[in-house]
Structures are given as C-alpha cells and as structure tokens.
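Take a look at the structure tokens below, where one protein chain is shown in two forms, each on its own, as structure 1 and structure 2.
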Structure 1
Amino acid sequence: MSSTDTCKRTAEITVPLAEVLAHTEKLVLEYQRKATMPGFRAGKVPLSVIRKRFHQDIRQQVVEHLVPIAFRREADAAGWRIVGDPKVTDIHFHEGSPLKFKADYEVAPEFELGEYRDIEAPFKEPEVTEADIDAHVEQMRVQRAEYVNIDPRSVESGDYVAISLNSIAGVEGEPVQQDEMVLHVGGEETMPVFSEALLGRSPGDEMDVEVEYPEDYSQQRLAGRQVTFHLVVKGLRRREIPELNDEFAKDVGDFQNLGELRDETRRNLLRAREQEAQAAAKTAIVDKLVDTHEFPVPQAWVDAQIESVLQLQLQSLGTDGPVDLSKLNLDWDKLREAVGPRATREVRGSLILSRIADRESIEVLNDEVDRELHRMARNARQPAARLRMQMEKDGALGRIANQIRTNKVLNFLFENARKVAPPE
C-alpha cells in the first residue's frame, strides 16, 4: 500500500501453495481428458506425460486463473473500490512454492463532499419580446418564400439569379457542381465576387469567376482555397414572400390564425432560451464544484473519458461527409494530451455529481427509464421493445439511467443554487 494523494496503489499478493497445487492438478486432469498424442489412446495419456508435455500451458493457465481470483479476493477482503483492471507485475511462480505477484491498481477516490447548495450561478429568467417573435415569424416567411421566374433582362442588384456552376480549378478531388442554384445578387449571404460577376449579365451568359475562400469557410473542402468556377446564367427569379396573415399561419402548421402561431412561437422561443440559460447555469455550477473539490482521479477513468471525447470529435468531423483518417494525419498522442485536462475535470465533475446523488438519495425510477426509452424509440422509429432488448444487450440501459440521474442532480443543484443575473 502506498501514497494516498493519487489513486494508484500497489499490493503484494500471495496465493497459498495448496491452492496452486489444487488448481494445477485440476488442469492436468482436464488436459488428460482432451489430449491426443501419437502412441497413446485418446484420454489415456499417463498423467506423468501430461505434466511434462503441457507443463508450460498448464503453468500459464494456473497464473491466468489464480491471479485475478486472488486479487479480487484480496480486494473484497480489504474493501478496496477498484477502478479499471489491475496491472500485474513481478510474478514469482516456482515449483513447490506459493505464487506471488505484485498488482498495481487504482481505487475510486475518497473525498469530502463540500458545500453544494447555494452555489452562485449566473441565471436570468429568459424573456421573449414581441420583437423576438416578429423576427422569428419573419424568418419563417422568408423560408417559405417562392421564387418565380421573370422575363429575361439584365441582372440588377437585389435580383435573384438562377445559375449553374462547376469548378474548373482549385478544388481537390471531385469538382464542385451545382446544376441549379439561386443567388441573391448584392445580398449579404452571397459572396461579393459572385454579385460583381453577375451584375449586368442576362440569361444565357457564361463566365468564369475566381473566388478566394476564407480560412474559416464553413465548407471544409473549399476553406482557404482559390477556386475558379464556370457560371451559366439560367434565368432571373423574383422572390415572393407569403403575406403575413391567418392564411400563412394555417399553411405553416396546425394553427387557426396568426395569433396562435405567435403564441406557439413564443412558447418555443421561451423553452429554448430557458433550456439554454439553465444549461449555462448548470455548467457554471459544475465548474464551481470541480474547482472547490480537489481530489485525485483514477487514470483509468480519465483515459476512458479521453477516448470518448475523441470519439465524439471524430464523429462531428464525419458529419461533413466521410473523412479519410489517414489523410488527416492525426497525432493521437498529442490529441490525447490536449483533451487530458478537460477529461480530468469531466470525470471529477461526474464523481462529485454521483456523490451528491448518493447524499441526497436521488434515485432513478424504472418508470423514468421507460419513458426515456419510449421517447428514444419514437425518435428512432423503432418498437420500444426491440430497442430495449438491444440496449439491454450492449448495456446502454444503464447509461440511460445514469444520464437521467445526472440530469436530476443537475436540476437539484440548479434549484438550490443562488441565481445571480449574469453580467450583460
């Protein structure tokens, strides 16, 4: 046993000779039953021969079998709360003497739970003003705009122009090709180069445009590149935004009139903002808790967390289309190091939260798991029963329960926090 400022411990464990011999004997008999050797009938090879012939195999199996058992027994007896798998070193195993080995393992950290109620958290009840709703409804109108063909004339600023475009140079791999896209000439969302090139043209005109994309352009394959496009003007369009009346409300969804639409919009906005504000407050609370609780964290958990963080990041890369990992040339060790401190904090946070849950006896009811499961089943368009079976198999059900518990703790902390208006 050694220092307590980390979670690492070392134990020297001895397995009594009698136990070693008993297990060896068992294995010898097992081997006899299964062994086939030329010159011997199956299962009739003498034990003395088995012992010599399979000496190495049996020895190895004895160690593999007895070491974990002995370690577990020792751990249970001493009441260690083991995290991860122990590292076994210095195995001493000689004929006629007890089996001795050293195990390096990590234990769940012991720590005093500090103050967790009445934590200062930035939070302000969200508000939704009439102007917010106006803006949102306006956005919905624009989204529902229709583009109507108009007679050919030369392009003026503010026109909507239908073009086809393909890249001639500057793009690696597949060229970019769009048969039909509508650009708003002079609009904010259109790159100025395109607007300039299109001004004064008429349908049927063709031209080449050279575009320099900024480093932080949203499409990764184009960011930071100089690309030449070939454009063909196909036609002019006029944007027709639906009028703001009860008719529009009915068109949008299950609303009778504009009033209902606005009410629903208000509710949605309010809910979204409330969630956002609460999430921020909860993050702040957990941050404070992590700051005020100093205790060692088992490396095994940190490593697991690092892996899952990297996994998530990889997945988010993948959303822009398939990514060739070998091309990205990732330095995994560096990446792991980079997320290390964050992972440590996250592990510490979740340890604190689960301790609070224990202290406050926050439990997850089966009903709650069921409800979450049904919700997920609906989203995945799968029968709930099938999803449940699948999740039971890969242990996801436990994760869900854990998630619910964490959320409950967060809600508890939030309710008991001292809310302070955030600085504007």
Structure 2
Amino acid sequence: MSSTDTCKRTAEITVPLAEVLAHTEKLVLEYQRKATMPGFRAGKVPLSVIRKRFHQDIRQQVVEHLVPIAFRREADAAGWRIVGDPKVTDIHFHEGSPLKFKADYEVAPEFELGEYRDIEAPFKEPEVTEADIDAHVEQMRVQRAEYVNIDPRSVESGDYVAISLNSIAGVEGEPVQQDEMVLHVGGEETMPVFSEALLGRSPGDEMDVEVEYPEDYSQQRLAGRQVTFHLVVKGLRRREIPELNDEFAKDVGDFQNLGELRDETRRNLLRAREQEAQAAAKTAIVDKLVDTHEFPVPQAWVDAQIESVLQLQLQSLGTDGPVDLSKLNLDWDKLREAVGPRATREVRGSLILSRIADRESIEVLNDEVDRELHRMARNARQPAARLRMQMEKDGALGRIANQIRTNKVLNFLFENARKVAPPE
C-alpha cells in the first residue's frame, strides 16, 4: 500500500487461488442445479459442459463476489478507515492463478486536535433602544394597513396600485403568478422598472415588463435571471394605517395595552439580536479552528457536501424533495473548482467539531431528539409519529442528532471563548 499527504491510498490485493477455486466450484454447482439444456435432464448437465457453457458468467460472478470481500478483509486487518467505495482497476484473473487487483480508495483523515478553548471571538451584548421598538411597531402598523379603492385615474408617483402579475419568460418550472398585489409606485421597496412601467397607466391597462434580477436577489428562483412579466392594472388604492393605541395592541396579539406590546417587542428583538450575535461569534470560532487545523479531507466527503448545497438550492427553487443530480447536466469539475474550497472548509470544520465533542464527551439524549422532532412536526403541521416514521425511512433521524450535537459543541465553544468587541 502506498501513502501520500492526501486521503487517497492505493492497495494491491491478492485473493488466494484456493479461495478462487472454492467459489468457482460453488458457482458451477449452482449453475448445474438450475441449468436446462437439450439432451440432459434438469440438474444433470455435466460439470464440464457447465464450465464451458457459462464460463464468462461464472468468471464475472467470481470477481464481483470476491473482490469486495478481499478488499474489506484487507481493510479490516490493516485498520483502514475507509471513506466511500474503492475504485478497482488492473484485475488479473487467469485460470490456475490467484485473483489480483488494484484498489484506489480514500481514508478518514487523522489529525491532532489543537487548542479550542479561549479562542478570540467577536461578540458584544446586543441592545434594544426605544427607537428600535418604535420602528418595529411602526412596521407592524404598515403590515396591517388596509388598501381602499379610489376612483380610477392615471397612475402617479406615490400611488398604491393593485396589479395582477404573471411571468411569461425567464423562469424555469411553474410561472411566477400573483392574482393581486399592491405596489407602491416610486417607493423604496418597489423595483424602479415596475414604477416606471406603471407611471401614467390607468386601470385596465396591460403591459409586459422585463426585469433583470441581481445575482444576490433574496428569491433564488429569480436571482441572476432576466424575467418577463405580464402586468394588468386592476385599480388604485389608498393605504389606511391603523392608529397606534391599545386597540391596535389587542388586534396584534394577546396584549391588554400598547405597553405590553412594546415589552414583548423588546424581548423578541433582544432575543433575535442575541441569536444573530452568537451565530456570528460561533462562525468566527469555527473559521479560526479550520485555519489552525490543516489536514487533508476525502474528496468523497467534499463531493457529498457540494451535493448537499445543491440540494438545498434546488429546494429553494421549489423542487419537491431530493433531486437525482446524476440526471442533471452538471459539470462536476467546474463545481469542484467553484464550490470545492468552501465545501472542504465545511467538512474540515465538521470533523474538528466532532473530535471536540468526543474529547468533551458531548452526547445527544433521546429526549433532545424527541423535542426537536416535535418542534419540526408543529412547524410542518403534521403528527409527530408520522414525521418520525418518514424520517426513520429516510435515515434523517441520525442527521437531527448530529445537528443537535454540533449545536451543543458550538455552544460549548462560545461559552469558553474570549469575547472581544467586534469591529465597527
């Protein structure tokens, strides 16, 4: 076996002649029991005829059966931590000789775990000001605004216009369609191309609008695409925002007055900002751990991470469940070049976190998995038992446990980090 500074290895393996002959003879007898040939009773075809008639089939089955057994036996004896399936080449199989082959494979990396406590992490306890609360409550008011019809006229800047929208080019799969949506002409939240197209129009007018979306657009289905929409002006609206008083607080939720609404808003904002600040600190910690732990990563794991990222992107485009990537015309060499470095860092980070979990005896309890399962079931609005059955079928319960374990490790690292003020 040869070894390099990567996870790739090569082994030359020999299957003893006695083992080859024994399995060959076993297959010959099986073929004899099943074979039916003219002039012979079932199961009574001479072995010499069987060997000659089914020579190629028996030979292929000997290789298919003995090669993986021999490889696994060699790996177990040597203690190789195999990743993925080996690539078998240079098969030498001649009558009266042992079976020989070469196997190219990858092994899990071995590395020394460096220091992971007292890592410097940017973190500042978040604050929520009265102005923050004012802005958030004002946003609630705007979200609960009602749009009242006004008399038809030409659209002017600042108007609220009800339109129907349907994509007619540039979108894969189902078209983007809205029977009625209200746009604020000239507003900051409205793309200028829509405002320009609507100015001067009147209810009943129809038009096609070509929109070029930036690469970082929030909806990945539209990001980086040039999409043509067909618009119909349905009418003009006047926005009426509810008054800010105790009645508004009662309408928003289970609040007795505006003061209770503001208190809850403060708590929610603070909790969200704490989560965001901690997430940024944890990301920085993992980045530093990856930077200080240099070791090779199996390409099989990197490819699996790339595939996972692609599946998430496809799901964000509205695909129903996992997609068979082998059926897509993907250039894996370009994908590895573009996404490979990031995927490699993510795999290396996962391995480091797993090693820390082992060192610190961080484990996942069944109750923790059950709580997460019930939370997911509530969000999906389906019975927890049904979701569990589906996840057991898909092998997803293990992934939930792994994610919980990872989160516990990240919390441990954050608690033991040295917090410093983040850059302004």
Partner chain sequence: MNYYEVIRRPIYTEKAVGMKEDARTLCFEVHVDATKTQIAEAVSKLFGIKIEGIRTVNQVGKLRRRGRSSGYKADWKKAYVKLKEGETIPEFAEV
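Quick note, the numbers are simply positions in structure 1, starting from 1. What we label the rigid core is the largest C-alpha set whose atoms superpose within 1.5 Å from one form to the other. These figures come from a predicted structure and were not determined experimentally.
- Name the structure that is the form predicted together with its partner chain; the other one isn't. Of the two forms shown, it is structure 1 that corresponds to the form predicted together with its partner chain, while structure 2 does not.
- Please state how many degrees the smaller rigid part turns against the larger between structure 1 and structure 2. Relative rotation between structure 1 and structure 2 amounts to 21 degrees.
- Per-residue C-alpha deviation between structure 1 and structure 2 [V45; rigid core superposition; Å]: That residue's C-alpha sits 2.9 Å away in the other form.
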